[in-house]
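This document opens with one chain alone, in structure tokens, the form predicted on its own.
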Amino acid sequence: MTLGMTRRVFLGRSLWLSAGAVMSDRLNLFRLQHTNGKRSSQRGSATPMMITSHSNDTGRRALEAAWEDLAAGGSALDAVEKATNIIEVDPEDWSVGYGGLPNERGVVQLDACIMDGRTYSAGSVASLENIKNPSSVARLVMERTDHVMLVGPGALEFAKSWGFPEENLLTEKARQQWLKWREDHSARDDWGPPDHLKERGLSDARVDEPAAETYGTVNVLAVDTNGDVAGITSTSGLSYKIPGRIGDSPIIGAGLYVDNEVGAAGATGRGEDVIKSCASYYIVMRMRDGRTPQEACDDALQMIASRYRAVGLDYLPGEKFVAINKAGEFGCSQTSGARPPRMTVTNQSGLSVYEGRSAFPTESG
């Protein structure tokens, strides 16, 4: 096992295993705070701090596992990698890493990027197969090459050269969802029961509900005690995508951007529109202009909507943006929805679930 493998991958996997055994009881010690997204609710949050776009149990465990080191003076870069590794190996998460939903051929292809504000360095991988922790491979691209992005077979060869083992990333649950999608996505192909049985309702059809679909992602952003900022975005991408499709997640400025003088932003959702708008870069530049993280996330969604209105379209792609600044403020916005978006935050006040805003809220029910 190489030093790179020991320090990055083995540590991340060991933390995930131990976190699952001991962290669930400790989570009850933290207070969950639900706020309304107003600027005043963010003030008073001191650094160090860390956020993730995930608000589920795994997201909370990931932040808890990384927080001890961050609070003790550890680097933001190490913290975001440590937390992301835990999320990437969660088999129940269909949007990230191991267990992610596959492309249309049933193959899981992962994308990830990392950016270090302290050094103005970045690395990413795209269409990476058979490696559980793409964010750690992206960090090696950043630190051990003079490139920013490696893709496909080249990214896999690079990962293997650093000791990352090839593993099947398609869990049985994800495979069953892919099989449902394959049988159900078209009435004109030959997948599914024979037509003479299907049309009469006599088939013993295995598909009783639509297959799960996702274009989710995870963002992890942090500021450390030195005031340095870092971030990671990692994903398995759009479910059942065309093989080789790359979204915003491995693209610096789209799925992630970090400025050590300002803060960081990350995106989840439909990657094509995040790429076209350079949304994470836009959010950070809005914060540079004096906007709070919450206001800057709102601004980005309004900007995307305005681009479609300019060409005569009333179209709102599904997006969710998260952001932090060096003052310890944070924000979270989504395009629309009856419920506000949520993310997990940890700082000196403890661990909390933060509710942001919908730029174009819809009625519930």
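Here the structure is a predicted model, which means the values were calculated and not measured. All residue numbers refer to positions in the sequence shown, first residue = 1.
What comes next is about the form predicted in complex with aspartic acid, which does not appear here.
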Of the candidate stretches 138-146, 238-246, 160-168, 84-92, the one with residues having heavy atoms within 4.5 Å of aspartic acid in the predicted bound form is 238-246
Is Gly271 a contact residue for aspartic acid in the predicted bound form, using a 4.5 Å heavy atom cut-off? yes
**Prompt:** Can Gly99 be called a contact residue for aspartic acid in the predicted bound form at 4.5 Å between heavy atoms?
**Reply:** no
Asn133: touches aspartic acid in the predicted bound form, heavy atom cutoff 4.5 angstroms
no
Is there a heavy atom of Ser280 no more than 4.5 Å from a heavy atom of aspartic acid in the predicted bound form? no
